[in-house]
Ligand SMILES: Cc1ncc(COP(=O)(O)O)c(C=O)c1O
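For reference, the chain that follows is the form predicted alone, supplied as structure tokens.
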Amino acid sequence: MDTYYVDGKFVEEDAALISAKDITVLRGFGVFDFLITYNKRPFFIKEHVARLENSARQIGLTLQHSNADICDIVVQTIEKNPHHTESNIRIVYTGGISPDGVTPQGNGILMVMVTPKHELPAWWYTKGVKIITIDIERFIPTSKSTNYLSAVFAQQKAHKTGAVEAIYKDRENRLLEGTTTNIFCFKGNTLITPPDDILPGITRNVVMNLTKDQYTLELRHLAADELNQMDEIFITASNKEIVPVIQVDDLFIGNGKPGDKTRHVMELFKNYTHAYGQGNIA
């Protein structure tokens, strides 16, 4: 059984409880972040916690822990789960109990849930996946809040069509981000990804840094009707890493197989995370 951290205590997962009156439960008011380990080392933990802090600021949630405190608790929780080869880590800060059930009181609870990392289907990476687009715009997209109704709705629609992800499309027909991913497109030697109105992905940032000297990076919004001009597409996320996309809605991308440039990015990322896990990268 896994061990979690909840409000100052390390407890077995079945004993990890919060109040039914917490406004995260009642209103979906809270924030979270998600990361994984490489060789049991949490990947860019300070950056993930900084994003958690930024998410909280944007929705008006007061955190009672510093970045260093949260990082230390995450490391301790990983150490409490030595049976994991690698781990998924979910950091949650709840809204806390409110007298009127809606107004935050600055009494939220920190939870750290560490679970075994599960491998995703190998064919995602060798054959590529289908994604869909969906007409949804997230509220405060730069905040990773616990209000995930749009993502759950979009994922249900994606799965009904055999897709693994749904990409949000705004009223201007611009592609923004996936429910849990960021999107990249290759057009020739240019790598394009949306610049704003998205959650700033940690994996996205790593990919941009790894490829900036290899390809021309273009930060701009993508119109949905531009996709037929793109040579390759891939999505990025902490748990998914780099996933080649061969189909968007009914449109097949390129020759319907993962492209050479996408495979190159995958290799760059694989080498980087291996070095990170070995402690060769700070």
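Just so it is clear, the model here is predicted, and its values are computed rather than measured. Residue positions are given as counts along the sequence shown, with the first one as 1.
In what follows, reference is made to the form predicted together with the ligand, a form of this protein that is not presented.
**Prompt:** Which one of these stretches, 237 to 245, 215 to 223, 53 to 61, 251 to 259, sits within 4.5 Å of the ligand in the predicted bound form when only heavy atoms are counted?
**Reply:** Stretch 237 to 245 is the one.
**Message:** Please determine whether each residue of Gly128, Arg263 and Lys270 possesses a non-hydrogen atom within 4.5 angstroms of the ligand in the predicted bound form.
**Reply:** Heavy-atom distance to the ligand in the predicted bound form: none of the three under 4.5 Å.
**Prompt:** Counting only non-hydrogen atoms and a 4.5 angstroms cut-off, does Leu199 reach the ligand in the predicted bound form?
**Reply:** Yes.
**Message:** Taking the ligand as it sits in the predicted bound form, is Phe153 near enough to touch it, meaning that at least one heavy atom pair lies within 4.5 angstroms?
**Reply:** No.
**Message:** in the predicted bound form, does Tyr148 come within 4.5 Å of the ligand, counting heavy atoms only?
**Reply:** Close contact exists here: in the predicted bound form, Tyr148 approaches the ligand to within 4.5 Å, heavy atoms only.
**Prompt:** Arg174 near the ligand in the predicted bound form, any heavy atom under 4.5 Å?
**Reply:** Output for Arg174 is no: heavy atoms all beyond 4.5 Å of the ligand.
**Asked** Even though the chain is shown alone, can you say which residues of 203 to 219 have a heavy atom within 4.5 Å of the ligand in the predicted bound form?
**Response** Residues within 4.5 Å: Thr203, Arg204.
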